[in-house]
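Next up: a single chain in structure tokens, the form predicted on its own.
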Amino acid sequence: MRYMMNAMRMNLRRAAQYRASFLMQICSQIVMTGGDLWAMLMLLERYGRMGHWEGREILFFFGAMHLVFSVTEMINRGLGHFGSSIRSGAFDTMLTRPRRLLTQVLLSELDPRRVGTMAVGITAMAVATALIGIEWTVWKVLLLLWSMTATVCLMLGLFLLEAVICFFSVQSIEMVNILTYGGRQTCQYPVDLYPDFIRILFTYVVPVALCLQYPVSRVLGRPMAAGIPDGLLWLCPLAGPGFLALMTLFWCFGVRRYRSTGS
């Protein structure tokens, strides 16, 4: 844990060396994510609701998805650049250090600029909470935190899958981005608004809805999670840590078969 905290502190200090640039990058993140938020609000202003979901409820889904994804992006930058680490020989250097390889890769590059996206997500959730009038209980808070943590694990597992592919292809496969960044864009809206194929894909194949949207819908008191007992609802987010554990085993398989590029 001390190693992780030191790495995070060093990455933050590195990013803050040029404060004006750092602040401008944070602002750019706010503007880009705010643009998505503005487009969604304009759409909701025109139509008022989507399916059986009111605009304020969709706003909560939007905020939750972007908060989860910004946390993931903050800590997964090393996985996102893993292909270049293999090509440059930087990963070979990590093999000589007395630390866990996956920990080194994750902490090699943190992205504190993502606090801008986090701020937009938190603001959207706070505004939606005020508009809906959610009566928070300990049960709801714990369910929301558990589901968001599990979704971060799921997203990390997807980026880890992209990194492991680099062991065999030397560079990342962009098709995985359909599930990561495409999943973020899709699941910022309730998944039951989409056709059956999209709903099945993001519920059972890439279970973002299972980890995040079903628990969130129960927090909002809406029917997406109708028919699922409360006890089972707490088990749904286990798909996220389970997927991450599976990808970690895949990572170990890739490390054992890694051959240096000779850089």
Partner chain sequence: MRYRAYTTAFRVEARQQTRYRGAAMGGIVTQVFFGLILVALYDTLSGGTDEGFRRTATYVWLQQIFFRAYFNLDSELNDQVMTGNVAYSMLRPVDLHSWWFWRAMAQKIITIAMRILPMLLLQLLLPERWRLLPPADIPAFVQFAFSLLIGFMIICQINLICSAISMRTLDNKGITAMINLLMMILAGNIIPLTLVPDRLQTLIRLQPFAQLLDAPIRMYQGMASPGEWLAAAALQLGWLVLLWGLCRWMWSRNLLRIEVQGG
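Positions refer to the first chain, counted from 1. A quick note: this is a predicted structure, and the numbers were derived from the prediction, not measured.
Not on display, but discussed next: the form predicted together with its partner chain.
- This chain is displayed without its partner chain, yet in the model of the complex the stretch 190-198 from 190-198, 204-212, 59-67, 234-242 comes within 4.5 Å of it by heavy atoms.
- The three residues Gly83, Val115 and Cys252 each lack any heavy atom within 4.5 Å of its partner chain in the model of the complex.
- At a distance threshold of 4.5 angstroms between non-hydrogen atoms, Met175 is in contact with its partner chain in the model of the complex.
- Using a 4.5 angstroms limit between non-hydrogen atoms, Gln185 touches its partner chain in the model of the complex.
- Gln25 belongs to the set of residues with a heavy atom inside 4.5 Å of its partner chain in the model of the complex.
- Although the partner is absent here, Met50 sits close enough that one of its heavy atoms falls within 4.5 Å of its partner chain in the model of the complex.
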